[in-house]
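Consider the single chain below, provided in structure tokens and representing the form predicted on its own.
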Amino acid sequence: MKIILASASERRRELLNKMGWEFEVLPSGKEEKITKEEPWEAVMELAEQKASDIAGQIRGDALVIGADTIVVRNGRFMGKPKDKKEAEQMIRELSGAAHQVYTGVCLIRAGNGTPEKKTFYEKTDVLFYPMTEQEIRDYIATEEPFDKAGAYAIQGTCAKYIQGISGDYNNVVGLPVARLYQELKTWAFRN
């Protein structure tokens, strides 16, 4: 079965490549709209929007994978920062504190019949060491934060500020591949 990743994220591509699967990348251009208040519901909603958009465009049998990640601190959703000021604000808020990273995944088996869908999420707790104002400015100057939820990349230079995590590291990177594999094994690859 053809696998399609409905995401432009380079990190998600890298994670899927590590799984050893062949896949195509067809990023969804659909405007993302959050209508849910709970973070796990919001990420599943966004992932479903991406996967549904691409599933509606393809012909033939395919498995579409949509995913979306948000960072949550004290109930506040942190997506990708719009600018330097917002990135600094996010990192300042995460400094010396714990937060949660949620990734929603939507799988759609498209083909000749009625599409089948499965949606799930993964949550990882992340704890930052305290950062000085100079460390925050230096990190923002790397420009790494600007296309990342919560304004940081755990696999990048921000790694030196991560005190610990509880949960799936790959979830923080952008795709919980172990959970994805288990879901696919019992659902999409069952026939």
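Note that residue numbering follows the sequence shown and begins at 1. All figures in this text were calculated on a predicted structure; none of them were measured in a lab.
The form predicted together with another copy of the chain exists for this protein as well; it is not shown, and the discussion that follows is about that form.
Trainee: If contact means a heavy atom within 4.5 Å, which one of 32-40, 158-166, 45-53, 63-71 is the stretch that engages another copy of the chain in the model of the complex?
Mentor: Of the options given, it is 158-166.
Trainee: Report yes if any heavy atom of residue 25 sits within 4.5 Å of a heavy atom of another copy of the chain in the model of the complex; otherwise report no.
Mentor: Heavy-atom contact with another copy of the chain at 4.5 Å: absent for residue 25.
Trainee: Quick one: is residue 170 in contact with another copy of the chain in the model of the complex, heavy atoms, 4.5 Å cut-off?
Mentor: Flag for residue 170 set to yes.
Trainee: Please determine whether residue 179 contacts another copy of the chain in the model of the complex, using a 4.5 Å cut-off between heavy atoms.
Mentor: The answer is yes: residue 179 has a heavy atom within 4.5 Å of another copy of the chain.
Trainee: Can you tell me if residue 147 lies within 4.5 angstroms of another copy of the chain in the model of the complex, counting non-hydrogen atoms only?
Mentor: Result no; residue 147 lies far from another copy of the chain in the model of the complex.
Trainee: Taking another copy of the chain as it sits in the model of the complex, which residues of 56-94 have a non-hydrogen atom within 4.5 Å of it? Please list them.
Mentor: Contacting residues: none.
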